[in-house]
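The chain below stands alone and is given in structure tokens; this is the form predicted on its own.
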Amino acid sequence: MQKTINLILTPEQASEEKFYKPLVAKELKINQTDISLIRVINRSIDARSRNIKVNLRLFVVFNEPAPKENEIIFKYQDVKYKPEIIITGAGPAGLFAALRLIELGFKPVIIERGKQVSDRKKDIAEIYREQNINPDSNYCFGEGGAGTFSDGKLFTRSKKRGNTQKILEVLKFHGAHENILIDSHPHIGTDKLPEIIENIRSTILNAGGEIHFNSRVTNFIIENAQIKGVEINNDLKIKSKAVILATGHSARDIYELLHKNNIQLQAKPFAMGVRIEHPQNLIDSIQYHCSVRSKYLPAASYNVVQQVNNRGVYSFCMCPGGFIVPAATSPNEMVVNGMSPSARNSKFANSAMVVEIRLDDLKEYEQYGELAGLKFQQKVEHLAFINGGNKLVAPAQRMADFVNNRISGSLPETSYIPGIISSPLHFWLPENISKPLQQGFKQFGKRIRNFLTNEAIIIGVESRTSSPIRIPRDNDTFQHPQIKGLFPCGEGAGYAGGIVSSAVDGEKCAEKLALMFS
């Protein structure tokens, strides 16, 4: 017999099958020896009270042999001599578009401005060693895009957009741990993602696809409102009847190029703010109502949101047991991001804390048209740079000092390796960011005891949470309304936010393209 049951257990009971198997037998009123299989379908933690529970949804087989495990195997056909489709960008949207094109019988030709993972790691090491940014190979650009070193948070609320389960299955097929299929907030880890990205590259190449690294798109070949291909590095031209544009939200030169060629863009609301870092043991004590976290519980996370004068202030990309990294893509700008290794074992917890930026906030930048939000981003990043220290030393302020408009006389230890310097972020951040953040922090402090504290620091700036520009596309065909065969895709085009939603959008773009040429 086969049954699906739900159990509410202690963290220890839920940690291993040997602990919960007797409870399964008791629930089903059978002997343990009758059970041939227990498989976890879903796992989530309920920490709303001091008596923390883990919810397990289990598939149980008893009084019959266990069925053979049906591991999903993806078979990618040989497309070496199939019609070629250009994909610009090897981030989640571009890679999953490529995999789906292979399934549909097209040859993907990926154009990536950055380097492959192994070489990209060297450039990231250079950021820490010499504090030098390679504008084409950094935390944002290169094989896998920003997702490669983003720590692989796979939670998404965009489940109606497409088959999110398939995305997780593809990641597992390429080396991710099976836990991503059962955890309510799945996570891979920045230490594990590079190998998965390399495995996806192997799949694409083994199927006959192409990937061109160190290849920056410098122009689009357009004839009679039809895309014909792209120009690379101001020299080489690659022809194709269609182009999937998946360049990510930091490829500002692509927005500038489209704007220069009078290709329609749309300004859209986005978010900006800071990275905030607490001691992980403080967040554990807040969330788990204890002085020391149980070994059966993961590093605690949080999610906060507040309306301040009808403007959203919220946490984003929370990284328990993580660290803060320099995510700039050009000289003279300061950008920070956060990530966690798979073990989430750092003594720090960090999160983006961002404020909704509306179009009416950008009147000072009206002369830039659809690029107004982009110019605002650049200005704030430059402000952070000049208010920081040497090169990548970041401006920072204790949390309570920021809220109370006080300069921090000292700063606590941080995970941000290039270093931090005391800076009055409350003074130099634009008021449409600083004032809502201050009010939001006050409200978070009222709801979460000990959250608003000078043990926490804020580091500037977190400015790349979303694109300030949307590249329009037809709702039915996914093509740009002006340019036939141009398929804007993913986070950079304004249609996704995060690894899974970007991957889903990449797949859907590939499917729409296939329909066009079928």
Ligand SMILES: Cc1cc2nc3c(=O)[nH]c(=O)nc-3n(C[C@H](O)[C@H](O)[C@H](O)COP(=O)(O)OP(=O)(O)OC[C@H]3O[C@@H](n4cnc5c(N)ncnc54)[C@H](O)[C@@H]3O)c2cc1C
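Position 1 is the first residue in the sequence shown; the rest follow in order. All of these numbers come straight from a predicted model, not from anything done at the bench.
Although it is not shown, the form predicted together with the named molecule is what the next lines describe.
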- Message: Check for me: heavy atom within 4.5 Å of the named molecule in the predicted complex, for each of Gly91, Arg113 and Gly248, yes or no.
- Response: yes
- Where, among 400-408, 440-448, 336-344, 284-292, do residues come within 4.5 Å of the named molecule in the predicted complex by heavy atom distance? 336-344
- in the predicted complex, the one of Phe348, Phe106, Tyr416, Tyr139 near the named molecule [non-hydrogen atom within 4.5 angstroms]: Tyr139
- in the predicted complex, which of the listed residues (Gly322, Gly152, Gly388, Gly209) lies with a heavy atom within 4.5 Å of the named molecule? Gly152
- the named molecule contact in the predicted complex: Ser215, any heavy atom under 4.5 Å: yes
- Using heavy atoms and a 4.5 Å limit, would one call Ala510 a contact residue for the named molecule in the predicted complex? no
- May I ask you to check whether Pro11 falls inside a 4.5 Å heavy atom distance of the named molecule in the predicted complex? no
- Heavy atoms within 4.5 Å of the named molecule in the predicted complex: does Cys317 have any? yes
- Query: in the predicted complex, which residues of 475-493 put a heavy atom within 4.5 Å of the named molecule?
  - Reply: Gly490, Glu491, Gly492
